[in-house]
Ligand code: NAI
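In structure tokens, one chain follows: the form predicted on its own.
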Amino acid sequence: MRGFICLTSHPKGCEKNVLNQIDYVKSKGSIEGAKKVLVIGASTGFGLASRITSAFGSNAATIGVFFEKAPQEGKTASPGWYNSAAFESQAKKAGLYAKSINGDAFSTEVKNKTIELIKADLGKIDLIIYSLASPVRTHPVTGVTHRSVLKPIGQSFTNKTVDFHTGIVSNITIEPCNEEDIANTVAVMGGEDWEMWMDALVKADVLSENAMTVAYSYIGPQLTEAVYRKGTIGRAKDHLEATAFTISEKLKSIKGKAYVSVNKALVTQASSAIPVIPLYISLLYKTMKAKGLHEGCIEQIQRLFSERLYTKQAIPTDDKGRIRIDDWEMRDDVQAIVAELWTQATTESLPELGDLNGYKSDFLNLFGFGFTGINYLEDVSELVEIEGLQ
């Protein structure tokens, strides 16, 4: 472990993670969803869950785009590589089309390669999921490399956080950003690249009538507002959400629509890096599990598809046009309990007040560790191929 990164990943554990998610989707029955799906950012978290839900919930053909590190002799691949290998193996067994492109999704080259694959194999796409979570973007036109930062705007921010490895609760202060920080963060995590993808797909005429695209966002509670929704990342999310309307306008000719789905706080590599969030999530998990409301990525996305995107009714949105699948997290009764627990949380009290074990378990699961039924003492080959890699 180094901070919020695990330096190794386990091929069999990652496979188990994928199998568990496939089993969950199958257990919930079929969804009358899209049949040809492109997932940009398809190898972990919400993107992986979207690919699994599309394939095993709707029997969809899927193309996944991701940027993962391949294995080398004596060195494991990144977890998304093993996730994708397991997904493609299972899709093939189920008789489902699944191919993947490994490369920088921000680049024009990868966009063009993806379009060629769509033209060759699928013709047109019904659904485009945009789920990139990269901290760095090299702009394909200017060549400038932008790095996102996680900072408050206007004034420094001090609050509690927890080191989820040690369980130590401490105060952390984050200094405010400058204008360049905001611009860089919007360039990486805003809607520009999503719009570039959609422009390229429209121009290539590979979108079917009524095609839909969905990007993922987060709002969160007042507790995290200063560092998240009202900070640099919040500006990027505002830009992403505004871009949905721009894209919808461009898709009118094919009766298409762009949406932003606001999802729940969950343990991902991205969220683990955000101060304050691990403590919030551990208190949230405890509260939501006690109320029978807890969801992981796959439960969230399966519910998004089955209860929001693909019902016979119009897709419900809030007053800003966003789909809210964070509705259970943001319930008044849930937030009231979390806010009260927050005031009481210390290193000594957290084991009882929060679900730090659940947080750690989910974190380890991201890298293929901590799954029952896996013998972590046996030798396994790190050299795993992705069958449908182009």
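All of these numbers come straight from a predicted model, not from anything done at the bench. We number the residues from 1 along the sequence you see.
Another form exists, predicted in complex with the named molecule; not displayed. Remarks below refer to it.
Peer 1: Using heavy atoms only and a 4.5 Å cut-off, determine which of Gln269, Ser148, Thr76, Thr243 is in contact with the named molecule in the predicted complex.
Peer 2: The residue from Gln269, Ser148, Thr76, Thr243 that makes the contact is Gln269.
Peer 1: Considering the named molecule in the predicted complex, which of Glu116, Glu295, Asp104, Asp163 comes within 4.5 Å of it through any heavy atom?
Peer 2: Checking each option against the named molecule in the predicted complex, the one that comes within 4.5 Å is Asp104.
Peer 1: Quick one: is Ala42 in contact with the named molecule in the predicted complex, heavy atoms, 4.5 Å cut-off?
Peer 2: Heavy-atom contact with the named molecule at 4.5 Å: present for Ala42.
Peer 1: May I ask you to check whether Thr224 falls inside a 4.5 Å heavy atom distance of the named molecule in the predicted complex?
Peer 2: Taking the distances in the predicted complex, the answer for Thr224 is no, it never comes within 4.5 Å of the named molecule.
Peer 1: Phe157: heavy atom within 4.5 Å of the named molecule in the predicted complex?
Peer 2: Although the named molecule is absent here, Phe157 would stay clear of it in the predicted complex, with no heavy atoms inside 4.5 Å.
Peer 1: When the contact criterion is heavy atoms within 4.5 Å, does Lys264 count as touching the named molecule in the predicted complex?
Peer 2: It does: once the named molecule is placed as it appears in the predicted complex, Lys264 has a heavy atom within 4.5 Å of it.
Peer 1: Among 164-172, 305-313, 124-132, 87-95, which stretch has residues with heavy atoms no more than 4.5 Å from the named molecule in the predicted complex?
Peer 2: Answer to the contact question: 124-132.
Peer 1: Given a 4.5 Å distance limit between heavy atoms, list every residue of 208-247 close to the named molecule in the predicted complex, or none if there are none.
Peer 2: Residues within 4.5 Å: Tyr216, Ser217, Tyr218, Tyr228, Lys237.
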